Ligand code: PMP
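Encoded as structure tokens, the following chain is the form predicted alone, with no partner shown.
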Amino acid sequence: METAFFNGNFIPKNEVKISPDDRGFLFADGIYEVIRWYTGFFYDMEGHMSRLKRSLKEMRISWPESDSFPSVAAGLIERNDLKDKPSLVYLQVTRGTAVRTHAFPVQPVPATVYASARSLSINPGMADRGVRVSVTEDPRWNRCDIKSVSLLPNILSLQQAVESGFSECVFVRNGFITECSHSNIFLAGGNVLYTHPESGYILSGITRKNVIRLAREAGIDVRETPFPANRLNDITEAFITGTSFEITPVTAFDDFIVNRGRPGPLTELLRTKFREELDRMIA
């Protein structure tokens, strides 16, 4: 039976009961975090903890036990027999249950805390072949830096992309590439790697942060600067990053084919560096 963590306890997942007055249900008034388990360790738990606490602070949600997340995540891996399986742990924290009104509860209520784990391997075929992405205007709010559960614009944009035969949707705001519906994006022009700087327009991805580090260690010129959408024809390769799929090449933006539809050399180098680092951690 699958085990979840709910409000301080590990219980069977099918016994989790959330009030219809929970502000996460009513207003999407909550944040979430997702971390990958690599059959022996969590990747960059420190980075995930830092982002989790930042999201809580920006949303003004109080969860005094936030430092317990590493032990909660480890407990879910153990209780669900996932120690030897690549997995994801999902955490969601909402402002809690209160009478429905837009303002925060006058008397603070306990946060609703839910976490679960499931087995999920990296898709090697997708990572080797690359993916096609669509490009659209960014319909989201100006606080994309908060890992909020309010993801309706992301979902609708991705669904439209999927129905048109694409794997991801790339957002454009004020004429510049920002990020994707559920990933960060890097674009290469020659030997220069571009990615949008941290701001209210993008989520500070954990994989993004580590890819920037690995690229600079490898001597690659990384520039955290907005890249114009009207210059996509100038790029020589591109890739997306995320906890669920690590580093995945982009082979086409709508009808524009990148690098003859194949992963580029910088992408392959960084994929190798990323896997080598993981192998050292596993060893």
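Since the model is a prediction, treat every value here as computed from it, not as a measurement. Numbers follow the displayed sequence, beginning with 1.
Omitted from view is the form predicted together with the ligand, to which the following refers.
Participant: Is residue 95 one of the residues lying within 4.5 Å of the ligand in the predicted complex, judged by heavy atom distances?
Facilitator: Result no; residue 95 lies far from the ligand in the predicted complex.
Participant: Consider residue 149 of the chain shown here, and say whether it contacts the ligand in the predicted complex, taking contact as heavy atoms within 4.5 Å.
Facilitator: No, residue 149 is distant from the partner.
Participant: Decide whether residue 127 counts as a contact residue for the ligand in the predicted complex under a heavy atom distance cut-off of 4.5 Å.
Facilitator: Output for residue 127 is no: heavy atoms all beyond 4.5 Å of the ligand.
Participant: According to a 4.5 angstroms non-hydrogen atom cut-off, is residue 241 in contact with the ligand in the predicted complex?
Facilitator: It does: once the ligand is placed as it appears in the predicted complex, residue 241 has a heavy atom within 4.5 Å of it.
Participant: With the partner removed from view, which of 179 to 187, 108 to 116, 158 to 166, 79 to 87 is the stretch that lies within 4.5 Å of the ligand in the predicted complex, judged by heavy atom distances?
Facilitator: Residues of 179 to 187 come within 4.5 Å of the partner.
Participant: Among the candidate residues 203, 74, 172, 122, which is the single one with a non-hydrogen atom no more than 4.5 Å from the ligand in the predicted complex?
Facilitator: Contact residue from the list: 203.
Participant: Out of 27 to 47, which residues reach within 4.5 Å of the ligand in the predicted complex, heavy atoms considered?
Facilitator: The stretch touches the partner through 32 alone.
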